[in-house]
Structure formats: structure tokens, C-alpha cells
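Single chain ahead, by itself, as C-alpha cells, in the form predicted on its own.
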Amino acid sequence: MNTRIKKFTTKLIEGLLFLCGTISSLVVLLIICFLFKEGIGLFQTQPIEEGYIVAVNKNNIVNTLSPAQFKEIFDQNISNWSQLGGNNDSIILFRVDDISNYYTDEELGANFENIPQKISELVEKTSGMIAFFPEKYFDKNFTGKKIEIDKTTLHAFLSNKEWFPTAQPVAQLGVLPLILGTLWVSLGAILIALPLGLATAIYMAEIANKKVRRFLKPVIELLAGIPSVVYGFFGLIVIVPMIQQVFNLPVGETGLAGSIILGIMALPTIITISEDAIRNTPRAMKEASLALGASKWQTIHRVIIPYSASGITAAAILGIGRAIGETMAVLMVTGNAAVIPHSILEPMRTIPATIAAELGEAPQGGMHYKALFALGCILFIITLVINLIVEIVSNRRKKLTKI
């Protein structure tokens, strides 16, 4: 009887564990599918304001414009249709607010009911006009032709240098400044955290006595439990003014401030994993090195560190992963400037900070909303690549250990 109960209990526990694992895996897969579904939607819609139309004269041979060309037209950097492959005709911009410059209030009607007809008439008689107006003013007998704005392509999304998702009349969706900002801050963080973390790990594993190790271990682990917003406040009050004074900058909110904060936040990960890798060095290898006449420092440099290189590399990569995915602290100290950074002493913006700052203001289902999800897809891919590298490095370490 007891044997049957034990078997039943074992099966029940196994079933519950399997169910929990299955549910967790499905949840993760559903989240990933939802992320990419929303992000891919960006490349299936035109980047103009929803509910608006772009129209030109029916004799105009230009049928499509890229978002960058449309922006250049409204910025008046392109003033002739010949620059776009059309006729040699000056470009005349028209918005619905300009209708009063062409018609009187009486012609438009007491309730502006004649606006659709007048827009159609104006576009027909003005050969170089490009009209941008709400779809509700599109006359059913419109004599001009609609012009298509090219959909955002993946290449343009990744390579364009302007991030203005709320720009009118066409959103400018270039994530290159955000990607470069993320890489600048993350690279600076790992350059700060890796030497300091590795030195601390070596000290704790090979030099410090038990009392010092028992004290340092929980203190370092405590760093991982501090909320990121607290790091952000520390950076805003201490690091930012210090950078501004030391480098004589107009503002201290720079990529360097973000790198320092993220470097501090990445230290617990790097120290903990590196120390474990160092402490797992076989004692026989250390004793053999010392027996051959090597000093303690020579043993650390030539035996322990090379043997634990895979673990140290994994620690550095995981530290980079922590830096890339951090949001709040970076949002508070980097200046949030979505421009191409040329120096780490300039304000910049990262991908996670952009998502956190703008998602609450983006209308659900709109172009801005989909662009932020596309940013999330990029961040997911970067994190996935980092995790795969960690797996490769860890497997290599296991193979070397077996050898």
C-alpha cells in the first residue's frame, strides 16, 4: 500500500513539474510571438499620419515617394519635381489649413462643406502641387491622383539616422542612433566593470582570508539587490555633476555617466561568476606551479587565469547582457538624445530607455507603437546572441575540463 502511495505521489509530482515547465515554455513562446507580430507590423503600413492622404496633379509622373523624400519636400530641401524624377515644375505644398489662402469663406461654405470639392479643384489646376489633407476631405469625384509613400523597409529602419516617430507628416524611423547609443554605453560599462570585477574576483578567490571573503561576498551580492532607480538617483546626483566638472561639459548627462552606472550594476554578475571559475581551478595545477618555483602571482597569471578564461569570458558576456537590457538607470543619466554619438562624452539614448520613455505615449496599434515593438525585437535578438555566445563558451569550458 505504501509503495503504491509513493509511486502515485512521485507520478503526481512529476506531472505537476512537467505541467509547470510546459506552461512556462508556452508563456515565453507566446510573449516572443506577440513581440515579433507587433514589430513586423511596422513594415506593413505606410509611415504617414493615419487618416491622411497625399495627392498630386493627375499629370504628375511621380507615383511614389520614400519617407525621406517626403520629409525633404516639407522641409523645402527639395523644391522641384525634377529632383524626384518628375517634370521640371516647382513643388507647391498644400495643407488643409492653407485652403483659406486660395478661397474665401463664402466659397468654402458656411459649414466648410465645399472643402473636398475645392481641394480637388485646386490640385487639378495647379500642376506642381502636392496636397496633404485628411481623408474625410477626399472628394468622391477627385480629379487628381493619390501618391503612395513607400513602406518602411528593414534596411531603412536599421540605417536611417533620425528617430522622430511622431514627426509630421511622415514619421522618421531610423534606429541607428539608438543602436549606437546602446553599444557605446554597454561597451563603456564592460570596460569599466571587467578589470575591476576580475581583480575583485582574484582577490576573493586566491588572496583574501576567510573573514574578508565572508564579509565581501554578501556585500557584493547586495549590490545586485539594489533597485535600478536607486542607481539612477546616485548617478544623477553624484556621477553627472562630477563628469560635468571634470570634463568641463555643458551637461553631465552623457554616455560616460550611463557606462559608469551600468558598470557598477554589472559588477556582482562578473565578480560572482569569475570567482566561481577561478575557485574551480584544480588544486593540483596550483601546487604543481608552485612546486616548479613559480610565485603566487605567477601562478595566478600563468595558470589560474588561463584555465578559468572561459568562465571569465562568460561573466563578461553576461555583464554586457545586463548592461544592454538596463532601462531606468540609463534613462536618468544619459541625456536621452536620439542622435548619432561621436564620443562617449555626448548625450545619447539606448534602446531600452527609448521603449520605457515612449511606450506610454504611443497610441496602441499606431506606427509609433509598432516601431517600439520593433525596437524590442532588436533588443531580443541582441540578448539572444549574447546568451548563445555564453552557451558556446560554457560548453567549450566543459570540454576543456574533461580533457
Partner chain sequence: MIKKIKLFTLLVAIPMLITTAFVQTSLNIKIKGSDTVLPLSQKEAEVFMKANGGSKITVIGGGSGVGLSALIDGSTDIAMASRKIKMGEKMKLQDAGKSVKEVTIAYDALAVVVNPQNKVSQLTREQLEGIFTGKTTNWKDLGGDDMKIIVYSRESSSGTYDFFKEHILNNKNYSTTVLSMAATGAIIQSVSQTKGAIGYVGLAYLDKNVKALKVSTDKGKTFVAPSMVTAKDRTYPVIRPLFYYYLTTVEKNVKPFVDYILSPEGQKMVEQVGYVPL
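Given the structure is predicted, the values throughout are model-derived calculations rather than measurements. Positions refer to the first chain, counted from 1. Take the two forms, find the largest set of C-alpha atoms that superpose within 1.5 Å, and that set is the rigid core.
Just so it is clear, the following notes concern the form predicted in complex with the partner chain, a form of the same protein that is not shown.
Participant: Only one of 58-66, 32-40, 374-382, 343-351 gets a heavy atom within 4.5 Å of the partner chain in the predicted complex; which is it?
Facilitator: Careful reading of the contacts points to 343-351.
Participant: The partner chain is absent from this chain, but in the predicted complex, do P134, E162 and A167 each have a non-hydrogen atom within 4.5 Å of it?
Facilitator: Yes, each of P134, E162 and A167 comes within 4.5 Å of the partner chain in the predicted complex.
Participant: Is N77 near the partner chain? Define near as a heavy atom within 4.5 Å, in the predicted complex.
Facilitator: Answer yes; at least one heavy atom of N77 falls within 4.5 Å of the partner chain in the predicted complex.
Participant: Is K71 one of the residues lying within 4.5 Å of the partner chain in the predicted complex, judged by heavy atom distances?
Facilitator: Yes, K71 sits close enough to the partner chain in the predicted complex that at least one of its heavy atoms falls within 4.5 Å.
Participant: In the predicted complex, is there a heavy atom of the partner chain that lies within 4.5 Å of any heavy atom of L122, even though the partner is absent here?
Facilitator: No, no contact at 4.5 Å.
Participant: Residue-level contact is defined here as any heavy atom of the residue lying within 4.5 Å of the partner chain in the predicted complex; does A201 satisfy this criterion?
Facilitator: No, A201 is distant from the partner.
Participant: Which of I324, L331, L178, I304 has a heavy atom within 4.5 Å of the partner chain in the predicted complex?
Facilitator: Checking each option against the partner chain in the predicted complex, the one that comes within 4.5 Å is L331.
Participant: Give me the residue from R213, R95, K296, K146 that has a heavy atom within 4.5 Å of the partner chain in the predicted complex.
Facilitator: Going through each option in turn, the one that passes is R95.
Participant: In the predicted complex, which residues of 316-339 put a heavy atom within 4.5 Å of the partner chain?
Facilitator: Those in contact are L331, M332, G335, N336, A337, A338, V339.
Participant: Rigid core superposed, CA of N336 - does it shift 2 Å or more between this form and the one not shown?
Facilitator: No, shifts by less than 2 Å.
Participant: Given a superposition on the rigid core, I'd like a yes or no on whether E346 shifts its C-alpha by 2 Å or more between this form and the one not shown.
Facilitator: Stays below the 2 Å threshold, so no.
Participant: With the core lined up, does the C-alpha of Q76 move 2 Å or more between this form and the one not shown?
Facilitator: Yes, the C-alpha position differs by at least 2 Å between this form and the one not shown.
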